[in-house]
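Only one chain is given next, in structure tokens, and it is the form predicted alone.
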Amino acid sequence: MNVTGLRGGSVPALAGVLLLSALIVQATGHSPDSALEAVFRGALADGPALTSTLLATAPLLLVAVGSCLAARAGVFTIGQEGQVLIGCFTGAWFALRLAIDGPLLLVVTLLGAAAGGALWAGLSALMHRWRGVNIVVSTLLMVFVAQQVVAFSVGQAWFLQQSKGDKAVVAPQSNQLPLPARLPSFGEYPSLVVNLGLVLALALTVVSAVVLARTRWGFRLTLTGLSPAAARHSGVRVTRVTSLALVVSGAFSGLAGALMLASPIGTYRLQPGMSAGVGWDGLLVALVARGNPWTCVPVALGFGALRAGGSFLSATGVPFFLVDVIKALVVLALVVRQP
């Protein structure tokens, strides 16, 4: 297991980030000790806090591993946030519209979300292949389109808007997913609950790492990323490989959207903005992990702890946006020093 991205001078860099973060919190008129204690209480202090951290980690890990696969092929995409949203959208549609009973509905919901994310990323691949549209630009713009698609779908009674009851106020959200479409949780160790979404994310991380290291497709992916000319000379269809890598990355992000929808992270409803920056944070995790799926695990766990603990900051009066500032500092500290 290679965790190269977290070795070397990472510890001094993180210590510097911690000191700088404390100074920023102090500058806003709040106590760094209280802020740190709030983050700890929200992320690591007990079973429920750890449960929240693990729930936040699962979708981050999926997005990050998918981004690693694309990066390994030399494809840099920044559309993960939109692909997560589309995964939420298609997953909700399958869960609410199909008359399927039992565990099969959950399987269909997950696969539908993955297909939605893959299709959304595939549109960028097609635009690049047919019209030469820059992938970075197209994937970014597709984020804004995805936001409008979701907002429209939950604003139309005939589409996915919440059903209207007697004298009920119709909200811009979908109905709750039926019970068979929700990811089950298990375990009391004590009060630590593990959701099936985390198991799924870890399993796909292992599969991705093995595929990259041990399979012909993984070799072609790496060769294409290192030298497209050499790959082409070796008979690799570079365009096909890069397009497929982008589509697979989108499928991972779409699946992350299903976890946002079908796990206790949210309310089991499709809502505008429910991706909550998971796509952006997952991209940062992949950046810090330097494209290594194994390294994504601890990094995603750290980001998950920040997301879970950040919600407790309001108890101390510290603005929540400072969590984003701290995350940005962590990424800069770990990325700038890399060769």
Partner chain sequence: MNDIEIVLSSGVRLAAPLAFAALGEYVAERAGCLNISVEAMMLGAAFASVAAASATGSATLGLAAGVAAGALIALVHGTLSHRARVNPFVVGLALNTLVLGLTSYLIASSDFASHQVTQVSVPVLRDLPVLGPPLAVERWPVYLLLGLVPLTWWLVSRSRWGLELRSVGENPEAADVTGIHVNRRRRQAMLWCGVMAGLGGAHLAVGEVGSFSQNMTAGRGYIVIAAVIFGAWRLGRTLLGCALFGLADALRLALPALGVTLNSQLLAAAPYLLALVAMLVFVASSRQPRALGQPFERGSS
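Because the structure is predicted, anything quoted here is derived from the model rather than measured. Positions refer to the first chain, counted from 1.
The next section is about a form of this same protein that is not shown, the form predicted in complex with the partner chain.
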Region of this chain that lies against the partner chain in the model of the complex, out of 40-48, 53-61, 284-292, 304-312 [heavy atom, 4.5 Å]: 284-292
In the model of the complex, the one of Val136, Val194, Ile100, Leu202 near the partner chain [non-hydrogen atom within 4.5 angstroms]: Val136
Non-hydrogen atom within 4.5 Å of the partner chain in the model of the complex for each of Ala115, Val297 and Ala300: no
Contact flag, His233 vs the partner chain in the model of the complex, heavy atom cut 4.5 Å: no
Contact label in the model of the complex: Phe144 to the partner chain, heavy atom within 4.5 Å: yes
Close approach of Leu140 to the partner chain in the model of the complex, 4.5 Å, heavy atom: yes
4.5 Å heavy atom contact, Ala151 and the partner chain in the model of the complex: yes
Contact set, 120-134 vs the partner chain in the model of the complex - heavy atom within 4.5 angstroms: Met127, Arg131, Gly132, Val133, Asn134
